[in-house]
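Next comes just one chain, in structure tokens: the form predicted alone.
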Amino acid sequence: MIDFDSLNEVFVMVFQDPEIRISAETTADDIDGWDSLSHVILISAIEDKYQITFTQREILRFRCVGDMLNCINQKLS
């Protein structure tokens, strides 16, 4: 099971901002530069790091980072 600290590392890498601190409630509106292109890059980086694949349906259901983390942990369990 991964936690926010582990997932935060991916966000820091993708957005090239060591000051990023994600939480369950974090959304794209909370992070500078989180647009549609960076979202694709973020999803790809998460899939690579955790060796998982998201379906399009799963991605469309992500409303916040908490949703994303829950999906990752379901796939890893």
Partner chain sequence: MTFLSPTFLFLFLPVFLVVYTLFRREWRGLVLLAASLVFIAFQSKFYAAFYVGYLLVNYLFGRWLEKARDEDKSRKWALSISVMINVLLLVGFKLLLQYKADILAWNPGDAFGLNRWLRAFALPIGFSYTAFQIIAYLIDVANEITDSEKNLLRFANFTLMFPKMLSGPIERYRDIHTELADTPESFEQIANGLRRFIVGLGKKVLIADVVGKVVGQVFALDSPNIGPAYAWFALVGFAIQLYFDFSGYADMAIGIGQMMGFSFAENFNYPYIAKSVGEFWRRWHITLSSWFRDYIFLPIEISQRRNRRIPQQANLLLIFVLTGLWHGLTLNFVIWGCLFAMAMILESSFSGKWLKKLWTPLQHVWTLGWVLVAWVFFRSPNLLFAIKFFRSLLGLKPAVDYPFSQLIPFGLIDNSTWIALALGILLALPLGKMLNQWISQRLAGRPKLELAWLIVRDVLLMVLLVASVAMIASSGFTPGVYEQF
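Residue numbers count along the first chain shown, from 1. For clarity, every value in this text was computed on a predicted model and none was experimentally measured.
This protein has a second form, the form predicted together with its partner chain, left out of what is shown; the following refers to that one.
Chemist: At the 4.5 Å heavy atom threshold, is F54 in contact with its partner chain in the predicted complex?
Modeler: Although its partner chain is absent here, F54 would touch it in the predicted complex, with heavy atoms inside 4.5 Å.
Chemist: Given that its partner chain is not shown alongside this chain, does E47 nevertheless sit within 4.5 Å of it in the predicted complex, heavy atom to heavy atom?
Modeler: Residue-level check for E47: yes, a contact with its partner chain.
Chemist: Contact between D35 and its partner chain in the predicted complex at 4.5 Å, heavy atoms?
Modeler: Residue-level check for D35: yes, a contact with its partner chain.
Chemist: Using a 4.5 Å heavy atom cut-off, state whether I31 contacts its partner chain in the predicted complex.
Modeler: Looking in the predicted complex, residue contacts with its partner chain do not include I31, since no heavy atom lies within 4.5 Å.
Chemist: V40, I59 and R63: each with a heavy atom within 4.5 Å of its partner chain in the predicted complex?
Modeler: So, yes: the whole triplet contacts its partner chain.
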